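Have a look below at one chain only, the form predicted alone, in structure tokens format.
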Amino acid sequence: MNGNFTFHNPTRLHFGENAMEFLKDELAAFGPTVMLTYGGGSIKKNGIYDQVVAALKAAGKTIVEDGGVMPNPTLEKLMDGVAKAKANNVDLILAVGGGSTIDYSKAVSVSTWCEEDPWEKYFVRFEEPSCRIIPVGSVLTMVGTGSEMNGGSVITNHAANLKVGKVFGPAVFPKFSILNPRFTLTVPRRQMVSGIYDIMSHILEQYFSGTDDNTSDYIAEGLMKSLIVSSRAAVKNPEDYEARSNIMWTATWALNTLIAMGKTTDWEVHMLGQAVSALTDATHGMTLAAVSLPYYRLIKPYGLKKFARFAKNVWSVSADGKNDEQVADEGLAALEAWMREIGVAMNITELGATEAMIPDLVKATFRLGGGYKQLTEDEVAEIFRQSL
């Protein structure tokens, strides 16, 4: 492995069917007022809300409710949450839901006592917090983002046509996360599949960077192979607990910073997908799926050896009698076939994007380094055209 790094992940995880038993003990470490954040209310229908509230009451906590977190949390919602957290001087934010709810809770945690404009500070200048941070805990109900064990937070600003992610340091990571795979069985099929592709994209965007012999790449290949097997089982039978538990665990390790160690990483697919979400409010994982193949086919010549390795080690493509380009092409074809098999979005048209939006999509796309090629504006526009 080339380069130098420090690995530190402070989040404590409780995993399994009995994971909720640890919530009361975790709550004991925090003050009396807890802000309970959640989404559209599905947790009230499936019984998870009642379990969480019972644990909060048993711990003697005062509950401040903050529901209605949308799939792409907005700046307006963030500021509402900040006002509520400040007015109640909350001691802990407990996020119950998927990545959007946890992302939102982190944004509230660093913005409540921030004297500056949080959008400008965190999502424009990408600064670290210099104020009091409200600790966050999570009870995960939908997998995909890995937000339960990282510092990522994504906020949408509709006025600016931007969806921007800020990756905070370990001080903003959830202090604890409760991972009961049973909770994910309540998620609609499309959301499950969207989360599965989000996981795959996280791994790919770290994998397709660098040229050294890196242990992180071997771990990434194992995670991808596990995800492919488990996703097929879960699509066939969404009630398959073993498959869903493996997917949940893979999601966490896909983006808890482990497989980024020693890597430059390439997050351009996320930048492209987030631009689509900013203009359409489409589901995150689906936007990633819709733009991935055109992007990877464009950069393939610049990282050909890694794409050939991906084909051989992840998809078991035979290299006999073939050159690297042929092997790499078969690998991307295998990825495409799997995407169609599990049922993700294959173009941005079905997500509400149009050709007329391409100039705005290009403006909304951050062009990053770290991968095998930094895109030009014309290349970004062409990727969106190929994604229609």
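We number the residues from 1 along the sequence you see. Everything numeric in this text was worked out from a predicted model, so none of it was measured.
Separately, the form predicted together with a small molecule exists; it is not shown, and the next lines address it.
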One stretch from 245-253, 124-132, 171-179, 146-154 that, in the predicted complex, holds residues within 4.5 Å of the small molecule by heavy atom:
146-154
Could you tell me if Pro188 has a non-hydrogen atom within 4.5 Å of the small molecule in the predicted complex?
yes
Using a 4.5 Å heavy atom cut-off, state whether His270 contacts the small molecule in the predicted complex.
yes
Determine whether any heavy atom of Gly40 comes within 4.5 Å of a heavy atom of the small molecule in the predicted complex, and answer yes or no.
yes
Determine whether any heavy atom of Asn46 comes within 4.5 Å of a heavy atom of the small molecule in the predicted complex, and answer yes or no.
yes
Report whether all of Asn72, Thr141 and Phe183 sit within 4.5 Å of the small molecule in the predicted complex, measuring from non-hydrogen atoms.
yes
Selected contact from Ser209, Ser216, Ser292, Gln274, since only one has a non-hydrogen atom within 4.5 angstroms of the small molecule in the predicted complex
Gln274
